[in-house]
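Next comes just one chain, in structure tokens: the form predicted on its own.
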Amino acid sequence: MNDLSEYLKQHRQEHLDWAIELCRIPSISTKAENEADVRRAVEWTHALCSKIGLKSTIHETAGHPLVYAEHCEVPGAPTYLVYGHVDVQPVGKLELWDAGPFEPTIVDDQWLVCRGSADDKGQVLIHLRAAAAWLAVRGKLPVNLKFLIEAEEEIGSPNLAPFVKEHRERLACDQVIISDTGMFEDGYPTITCGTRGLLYKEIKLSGPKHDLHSGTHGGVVGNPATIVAELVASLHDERQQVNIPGFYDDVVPPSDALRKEIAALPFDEAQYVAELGSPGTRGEEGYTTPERRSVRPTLDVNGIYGGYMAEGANTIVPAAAGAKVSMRLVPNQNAEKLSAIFDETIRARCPDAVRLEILNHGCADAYGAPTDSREMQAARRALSEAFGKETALIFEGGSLPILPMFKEVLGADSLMLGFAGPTCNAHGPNEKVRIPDLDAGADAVARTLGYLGG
């Protein structure tokens, strides 16, 4: 596929300019004042799809619009649906950015720094670059290709599932291709084989109708802060396993082959801890840090609140306290089932001396892709050729609820090709992506399409 690679090299600057133009648009989907900017990003993407030779349309939803584009002109060839998004996160504190978040900056001739460069505008454009190369050089694609590019991913994709269900026949495909994941390290070709599910809970406790004097009432009434600490402390045992009955019942332990593959990844624990600024690691006994981060279920306390926390002392029994807790689930665990078990467990452990309320803030199952599929093998070969090194297969510790949704509605598995490095600062200040990884990614996707087309 040297002609495709050569085309991509010759048009490298033009394609970098695409990323710069798209990333200049402040398409923050969560802010009402950026509604016009989000639409502008969708319109820009639609125009590019049309320019490179795809049949593209903009579809309205109950929220922000989305782009659907396709090039389906190869009878009998497999069909693939590329998913991505062009909305971005808020920028946070501007003083933490070295330059304007929407003023794309190239640093050291290697990095494109701006909001959306990694998540997900730069990665979406990789697939359009690959399609453009095929259409310009060969005049056609080797497979039937569809694009679904939304603008609500950063607010939970509230209108994506309804759209997919309504247009399931149009979106029918052999597999979904997604580049919204990451690389194991910069320059290291990586395919994500699965993502963990998510269960997010808030435990709210209330006691007296107002804060009480601890000298008069301490040790007499139920103290919400003390009890929430007891509940949180009960959620792990001495081996750092999650202490909820039945939590591990459906967990399939990682196979020896998988553990061997994880162990072969170039992971330096000392460097990892140093980069985090943490004194050390702590987790479930019997598993390594890379295994705990990816193929094992976890429970973390995300926050504890309640009582007096300002300067000085205020001797009270607080009227209320609470905690927010999230669980990362692995394939075969059922989020709704565990949600009910969690609630039942907390109610059983909570004394009658306080009132208890449990709120749900998120529930999604894990997803695991078949590692022996034709698509997986084609992509693994293509990425290794484009990057010049063996492709890593990893499991992502985070969650992508759209993956089980695509599987349920379209009956299609997902191929996750990530091209953003682990230090890309997605969602944080100075978000960045390594430009050589974008270039090699476009080459890899072009090769993947070729191999999928036979």
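A residue's number is simply how far along the shown sequence it sits, counting from 1. Bear in mind the structure is a predicted one, so any value in this text is a computation, not a measurement. Heads up, when I say rigid core I mean the largest set of C-alphas that superpose within 1.5 Å between the two forms.
Although not depicted, the form predicted together with a further copy of the same chain is the subject of the following passage.
Legend entry - Contact test, all of F102, S157 and N332, partner a further copy of the same chain in the predicted complex, heavy atom 4.5 Å: No, none of F102, S157 and N332 comes within 4.5 Å of a further copy of the same chain in the predicted complex.
Legend entry - Partner-contacting position among P189, G194, G84, G207 - heavy atom within 4.5 Å of a further copy of the same chain in the predicted complex: Only one option qualifies, and that one is G207.
Legend entry - Heavy atom within 4.5 Å of a further copy of the same chain in the predicted complex - the one residue of G397, G63, P401, G53 that qualifies: Answer to the contact question: G397.
Inset, instruction - Consider V143 of the chain shown here, and say whether it contacts a further copy of the same chain in the predicted complex, taking contact as heavy atoms within 4.5 Å. - result: Taking the distances in the predicted complex, the answer for V143 is no, it never comes within 4.5 Å of a further copy of the same chain.
Legend entry - Close approach of H127 to a further copy of the same chain in the predicted complex, 4.5 Å, heavy atom: No.
Legend entry - Partner proximity in the predicted complex: M309 to a further copy of the same chain, non-hydrogen atom cutoff 4.5 Å: Contact with a further copy of the same chain, yes.
Legend entry - Partner contact for D352 in the predicted complex: a further copy of the same chain, 4.5 angstroms, heavy atom: Because a heavy atom of D352 falls inside 4.5 Å of a further copy of the same chain in the predicted complex, the answer is yes.
Inset, instruction - Given that the partner is absent here, state which listed stretch (258-266, 76-84, 373-381, 280-288) has heavy atoms within 4.5 Å of a further copy of the same chain in the predicted complex. - result: Heavy atoms within 4.5 Å of a further copy of the same chain in the predicted complex occur in 280-288.
Legend entry - Residues within 4.5 Å of a further copy of the same chain in the predicted complex, restricted to 261-275 and counted by heavy atom: Sequence-ordered list: Y272, E275.
Legend entry - Is_shifted D300 between the shown form and the other one (CA, 2 Å cut-off, rigid core): D300 C-alpha, core-superposed: shift of 2 Å or more.
Inset, instruction - For R381, state whether the C-alpha moves by 2 Å or more between the shown form and the other one after rigid core superposition. - result: R381 C-alpha, core-superposed: shift of less than 2 Å.
Inset, instruction - Tell me, please, whether between the shown form and the other one the C-alpha of Y200 is shifted by 2 Å or more, with the rigid core used for superposition. - result: The answer is yes, as the C-alpha of Y200 shifts between the shown form and the other one by 2 Å or more after core alignment.
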